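One chain comes next, on its own, written out as structure tokens in the form predicted alone.
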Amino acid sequence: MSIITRPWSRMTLAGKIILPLLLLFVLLNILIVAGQMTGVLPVLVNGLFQVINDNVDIFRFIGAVTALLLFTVPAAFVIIFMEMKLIAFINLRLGPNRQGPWGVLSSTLHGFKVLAKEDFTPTGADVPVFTLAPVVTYLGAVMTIMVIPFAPGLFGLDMNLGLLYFFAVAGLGVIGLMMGGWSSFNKYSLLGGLRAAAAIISYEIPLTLAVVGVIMLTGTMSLNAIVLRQSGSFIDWFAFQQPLAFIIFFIAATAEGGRTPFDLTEADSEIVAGFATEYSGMRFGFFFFAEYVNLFILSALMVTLFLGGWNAPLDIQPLLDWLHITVNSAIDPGSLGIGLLWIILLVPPLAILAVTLPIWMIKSKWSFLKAFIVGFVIVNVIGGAILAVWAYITFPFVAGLFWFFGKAFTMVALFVIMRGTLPRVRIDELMGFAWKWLIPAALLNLFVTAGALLVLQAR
């Protein structure tokens, strides 16, 4: 037995993941060969499809979790790049401009750099807790994205208690920060963990109370139903019906996400890096990614609750009716005369040639290849724009994704601008502002909303 366990214990984490996958790949190939020889393969395939059909909800949930988990990494990279560029613009600098065009690969290379760093555990640390803390923080951020609706019919899980689930799971993040601060055997880390706990306890109350007004107006805690309640125009958004709640939620979300001016949990001018002082390598990377994923999730929740979610500011359906444009996603290739296949094969080359020849004749010093490349780019840009407009009009989920991500990344940009302009507050100011101002304002908003509903119902 030691012949197997000893090499396994000496393997790295990557090796422990890759080896079982290789063994599974070999086993599947053996089964495929055996199935082709004995006729078992069709039976296995039919049985697999039958199992998927009988448990479609479970497989849909697994697929949604996998897709959202994979989505968080590129989303974090985009936000990191946005932050570096915006703060550079505020400081009259260029920002990253070396790795890739306009520096777009800089955040990706930062991720690879974190992977290449040594993963060090300090002497005296509580190793199991120290190791699990980044994972708990990252999962606490990622699991909340399951209930956020991105577009009509495009969400991980539609729960009647979606908001309750969000706030319950979001609390795991601060537990991970406290685990990392306590287990690091470092006073700066412990202070960062205690500050995170204090901030969450203080600002969770106004954050939740601000949402209660929205729940009173809609009568549900389903995020999907809350977005549907805001359909129409931007006047129907809860940011205009609950302006005080929106301001309170925005300030409390800033503190929940540990963003400037409330980034006391990792204040580098006071406690080095707070809870993450002793972390390096990929364990630090989990904390790093969790911060930016949490920033996107808080922005997405704000968009969902107060800014209409996937709804457009104005409904374009009356304009489409006036222009006699019928939205029909079903395309009949036979109705196109020469056929859809011939259009796909002939139109792009002819369009590129039609653009290339005038460019080549006007720019006589250019070679045909250079004119062809310019024509190819122009046709693809115009064709892509036409395809995007057609998809926006034809498919509701495309329009929903456009508006949802546009609003969410606008809120992210606002958080980044705050980091580049506002100074950091003191810890006593952080706590006092929550207890002395935000909580009374949230209670006032709650009482005013309840009174307004009673008056309207009496009429």
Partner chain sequence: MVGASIEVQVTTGLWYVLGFAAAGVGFVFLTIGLAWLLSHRSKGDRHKGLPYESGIDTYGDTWGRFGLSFYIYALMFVAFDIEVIFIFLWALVFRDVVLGGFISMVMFVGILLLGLGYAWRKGVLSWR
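Residue numbers count along the first chain shown, from 1. Just so we're clear, the structure is a prediction, and the values are computed from it rather than from any experiment.
Here the subject shifts to the form predicted in complex with its partner chain, a form of this protein not shown in this document.
In the model of the complex, at least one heavy atom of Gly432 sits within 4.5 Å of its partner chain. Put simply, Asn160 is close to its partner chain in the model of the complex: some heavy atom of it is within 4.5 Å. When its partner chain is considered in the model of the complex, Pro122 lines it closely, a heavy atom lying within 4.5 Å.
Remark: Thr208 counts among the residues lining its partner chain in the model of the complex, judged by a heavy atom distance of 4.5 Å or less. Site annotation in the model of the complex: the residue of Val104, Leu94, Ile201, Ile175 reaching within 4.5 Å of its partner chain with a heavy atom is Ile201.
With the partner removed from view, the residue among Tyr292, Trp237, Trp182, Phe246 that has a non-hydrogen atom within 4.5 Å of its partner chain in the model of the complex turns out to be Trp182.
Figure note: of the listed segments 94-102, 374-382, 76-84, 128-136, the one touching its partner chain in the model of the complex, with heavy atoms no more than 4.5 Å away, is 128-136. Heavy atoms of every residue among Arg60, Gly156 and Leu446 are located within 4.5 Å of its partner chain in the model of the complex. In the model of the complex, Ile427, Asp428, Met431, Gly432, Trp435, Lys436, Ile439, Leu443, Leu446, Phe447, Ala450, Gly451, Leu453, Leu454 are the residues of 425-456 with at least one heavy atom within 4.5 Å of its partner chain, listed from first to last.
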